[in-house]
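In structure tokens, one chain follows: the form predicted on its own.
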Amino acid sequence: MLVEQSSRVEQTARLKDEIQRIKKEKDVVILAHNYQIPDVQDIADFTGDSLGLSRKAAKVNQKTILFCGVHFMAETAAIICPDKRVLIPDLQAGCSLSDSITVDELRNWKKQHPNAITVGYVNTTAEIKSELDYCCTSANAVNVVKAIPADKEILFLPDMFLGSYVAKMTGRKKMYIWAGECHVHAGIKPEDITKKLDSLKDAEFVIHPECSCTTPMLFDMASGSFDNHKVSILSTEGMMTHVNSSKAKNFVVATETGILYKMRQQNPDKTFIPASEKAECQYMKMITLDKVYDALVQDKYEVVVPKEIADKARLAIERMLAIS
């Protein structure tokens, strides 16, 4: 068994070295989301959340981007970087939240509210983005909504938990929220969190606003406390920044478990436990080192957004990137 494990470790190390060699040879930049498996995060030039990686994609010098994330993220990179080629290691890496609304459903909803401003989470297809006034991420959704005149109706989609959080934090009265959810974050329950907080002394609680538990617990958490624990509601990148700077030593983290790898790596003296061990996105985990290697060697799979859709979607994305 030990010999087999040693052999696998050596094979993985060789594969990582080969990926590093090829990406330099072909002048490819690798971007990886915080939810990717540790081996994929290790070979990335940059890791981050949707907003951070979108901004990075717009600034890199390389003409080819290999995006280790789900499909809508690669589409977003392709839209804001029309002069670059964007590859994804697995075309089937989708998103349950993105799938929760179709473009026909959005168009019908807009017809029912002809004067509304449409704000869509970045976790949507390029076609959906082409119908939006503003795009947003969990990191800047509150500020995007605050930038819209108070007398305007807002259609917020597709995440109902993020939408409820934004409505609470902005006090918007004319805000309609689509009933979509991320299956990973929706599966994190208040009882999971309470049990973990009780098990870890003096733990800080950091939570993603997509979590279903933000709705029943929102009033306590928005005030900065829950069961005598400090609470921070943050995007994944916000979580990384916060735990790095916090003086606390123990954290309960409510988001996809992939984020714990970098947290532990960057903070070896701190303890991080997931609010739920079951909070894993099978779509994110579809990206493997072997698939990254194949995408590099064979120049596959390219993500192409039709120009007419990309041109319309770009305005909403640029508005998102302009608002911190």
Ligand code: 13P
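Computed from a prediction, not measured in an experiment: that's the story for all the values here. For every residue, the number given is its place in the sequence shown, counted from 1.
A second form of this protein, the form predicted in complex with the named molecule, is not displayed here; the remarks below concern that form.
At the 4.5 Å threshold, heavy atoms of Ser50 reach the named molecule in the predicted bound form. By the criterion of a heavy atom within 4.5 Å, Leu157 is excluded from the residues contacting the named molecule in the predicted bound form. Taking the partner from the other structure, the named molecule in the predicted bound form has no heavy atom within 4.5 Å of any heavy atom of Val145. Taking the partner from elsewhere, Glu75 is found to have every heavy atom lying beyond 4.5 Å of the named molecule in the predicted bound form. Contact annotation: the named molecule lies within 4.5 Å of heavy atoms from the stretch 116-124 in the predicted bound form, the single such stretch among 116-124, 83-91, 190-198, 170-178. If you take 152-186 and check each residue for a heavy atom within 4.5 Å of the named molecule in the predicted bound form, you get just His185.
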